[in-house]
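A lone chain, given as structure tokens: the form predicted on its own.
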Amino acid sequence: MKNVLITGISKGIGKALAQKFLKEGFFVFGTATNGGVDFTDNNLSVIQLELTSKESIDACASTILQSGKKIDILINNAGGLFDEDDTVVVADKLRKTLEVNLIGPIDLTEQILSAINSGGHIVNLSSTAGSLSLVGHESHFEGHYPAYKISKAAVNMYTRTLALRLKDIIVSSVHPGWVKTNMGGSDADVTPEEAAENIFKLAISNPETGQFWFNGKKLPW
């Protein structure tokens, strides 16, 4: 049985991903900020993780390392949008955004690298909002949520630098689409289940490392 670690499985894309991987026969480590989710499975282990807390990140990493299980796939899914209505960078919101979307996931990833199997895959949830090439060319990205965009551009750079560093683990960024979640809103055109299906296909495949993907195709940085 293969093992996957997915952050943020209490709702949205993360919940759909956890349920997809369970259905496909994986053992799932999943994280939630309050340590609980509204579904159960014999092959599911839920771990408390608050990405703004160094202590929580350390404890989560320790639990993974002490489990004795090797991770085949890590999906850094958990994230947040805290400046949706802003058109200027608000320093406090930027700090929180970077803690949740960038620094926390990097800290966790670096701590558990030794538990990731050779030939494994690290998938970082990004967004076309973090593409330097696309922002400014798509109407719904005009000027809004700059802190979120900054965080996702930085996630993409982490994907690139980590891919250059790791010789036996694939590292990918993935755009999930505009998804019907608390973040994406009800007008979005992709369900969490559809997004999870596409991310699952990427995660179990053997793509070129250090790339940015959406539905099996490369996106521009």
Ligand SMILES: NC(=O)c1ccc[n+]([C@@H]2O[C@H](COP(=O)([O-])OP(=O)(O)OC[C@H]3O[C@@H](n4cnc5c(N)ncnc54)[C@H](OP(=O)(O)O)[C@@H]3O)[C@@H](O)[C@H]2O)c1
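Position 1 is the first residue in the sequence shown; the rest follow in order. Note that the structure is a prediction, hence the values are computed from the model and not measured.
This protein has a second form, the form predicted in complex with the named molecule, left out of what is shown; the following refers to that one.
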| query | finding |
| --- | --- |
| Residue contact check: T52 to the named molecule in the predicted bound form, 4.5 Å heavy atom | yes |
| V100, heavy atom within 4.5 angstroms of the named molecule in the predicted bound form | yes |
| Contact of A78 with the named molecule in the predicted bound form (heavy atom, 4.5 Å) | yes |
| Residue contact check: S126 to the named molecule in the predicted bound form, 4.5 Å heavy atom | yes |
| Stretch in contact, per heavy atom within 4.5 angstroms of the named molecule in the predicted bound form, of 38-46, 170-178, 157-165, 59-67 | 170-178 |
| In the predicted bound form, the one of S10, Q211, N198, Q19 near the named molecule [non-hydrogen atom within 4.5 angstroms] | S10 |
| Partner contacts in the predicted bound form for 144-171 (non-hydrogen atom within 4.5 angstroms of the named molecule) | Y148, K152 |
